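First, one chain by itself in structure tokens, the form predicted alone.
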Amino acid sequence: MQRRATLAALLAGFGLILCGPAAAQGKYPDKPIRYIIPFAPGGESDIGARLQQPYFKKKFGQELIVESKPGAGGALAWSQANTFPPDGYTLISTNLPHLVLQPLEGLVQYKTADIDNVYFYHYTPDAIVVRNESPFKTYADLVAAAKAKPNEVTFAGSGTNSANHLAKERFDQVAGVSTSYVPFKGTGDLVASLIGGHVSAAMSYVTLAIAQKGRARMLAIATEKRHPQFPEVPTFKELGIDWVDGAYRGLAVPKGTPANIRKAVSDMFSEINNDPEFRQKMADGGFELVDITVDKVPAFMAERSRVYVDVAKRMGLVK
């Protein structure tokens, strides 16, 4: 009898060892998750995270605590990404092309390979936005002013060596002009300067035009087709410019996070991204959804990196 009890105890212990990781995975998440946004509140990263919040709570039973940590165009948070415990309870919002371009400049404390992206869920198309009172009624008006007075046309944008910075440099190249770039901590921070007329325009996204509808308008947008909420706004392609691009946003975890947790994070946010109600809210906000899961991230990063480095070199943005 004693031998049977001992054997049963040994088998039970062995079973616990075998199922331990699976059991741990099954319990994740069992407490609130910290979600760090590397930009000031009010920008696209912040808006996307706050739209995800209620769906995360509803589907997975835990709070998604959004925390803004702005600085250096996102680089402050990304340089600290691997200082957090690799347990799946701290997520860091990520942006492209920022993660590729900033390390190339050599002034940030992280490398692209340091960031462990596990999912990309949307992109926001590049767009030129002006306030309603702007004298620039069309894209041609803006180009004419930039040609007449080099460097006097100013573009507000989110961060340096960012999607907005890259788009401004692209504009200068395709239009054959020279303009000035004014970086802000995030899209939310540049609104007052744009609406107040302190800058000529914003090199931003359709999301800004939607949020500021009635106070601002777009001159051009980098999509394949005209946006349904702005049927009067031409695409860059209609203007004869091969330009369909924007800023991609995703999620990263600290290096060393177990593979099962990395996949769990990817799967959870993919499930949110495929929720019909969530998709409609994102579309209404001007976000173009993508579904780059953890298994697809390496190829996606390699492809986007090639594009960004090539464009940045041709523009002289990086060496």
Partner chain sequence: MELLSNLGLGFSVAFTTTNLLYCFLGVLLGTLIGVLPGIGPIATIAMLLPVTFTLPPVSALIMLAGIYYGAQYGGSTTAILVNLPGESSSVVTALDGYQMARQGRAGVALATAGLGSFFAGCVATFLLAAAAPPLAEIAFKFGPAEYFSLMTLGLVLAVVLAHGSVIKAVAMILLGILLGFVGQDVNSGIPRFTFGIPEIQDKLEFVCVAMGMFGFAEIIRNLEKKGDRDVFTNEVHGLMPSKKDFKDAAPAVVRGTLLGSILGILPGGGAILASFSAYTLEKKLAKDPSTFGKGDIRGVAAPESANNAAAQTSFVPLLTLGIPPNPVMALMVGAMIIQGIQPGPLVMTSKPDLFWGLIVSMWIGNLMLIILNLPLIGIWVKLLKIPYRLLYPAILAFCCIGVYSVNNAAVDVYLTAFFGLVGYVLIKLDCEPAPLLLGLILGPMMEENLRRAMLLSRGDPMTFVERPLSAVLLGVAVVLLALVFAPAIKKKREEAFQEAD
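Residue numbers count along the first chain shown, from 1. Worth saying up front: this structure is predicted, and the values here are computed from it rather than measured.
As for the form predicted together with its partner chain, it is not shown, yet the points below apply to it.
S.K.: If you check Asn82, Thr235, Thr160, Thr112 against its partner chain in the model of the complex, which one has a heavy atom within 4.5 Å?
M.R.: Comparing distances to its partner chain in the model of the complex, the residue within 4.5 Å is Thr160.
S.K.: Within 4.5 Å of its partner chain in the model of the complex, heavy atoms considered, which of Ala283, Leu51, Ile65, Val290?
M.R.: After the contact test, the surviving option is Ile65.
S.K.: Report yes if any heavy atom of Ala148 sits within 4.5 Å of a heavy atom of its partner chain in the model of the complex; otherwise report no.
M.R.: No, Ala148 is distant from the partner.
S.K.: Would you classify Lys69 as touching its partner chain in the model of the complex, given a 4.5 Å non-hydrogen atom cut-off?
M.R.: Contact with its partner chain, yes.
S.K.: Indicate whether its partner chain has at least one heavy atom within 4.5 Å of a heavy atom of Leu107 in the model of the complex.
M.R.: Yes.
S.K.: Do Tyr181 and its partner chain come within 4.5 Å of each other in the model of the complex, heavy atoms counted?
M.R.: Tyr181 belongs to the contact set for its partner chain.
S.K.: Within 4.5 Å, heavy atoms only, one stretch in 243-251, 91-99, 74-82, 117-125 touches its partner chain in the model of the complex. Which?
M.R.: In short, 74-82.
S.K.: Quick one: in the model of the complex, does every one of Glu152, Val191 and Arg215 get a heavy atom within 4.5 Å of its partner chain?
M.R.: Every residue of the candidate spot has a heavy atom within 4.5 Å of its partner chain in the model of the complex.
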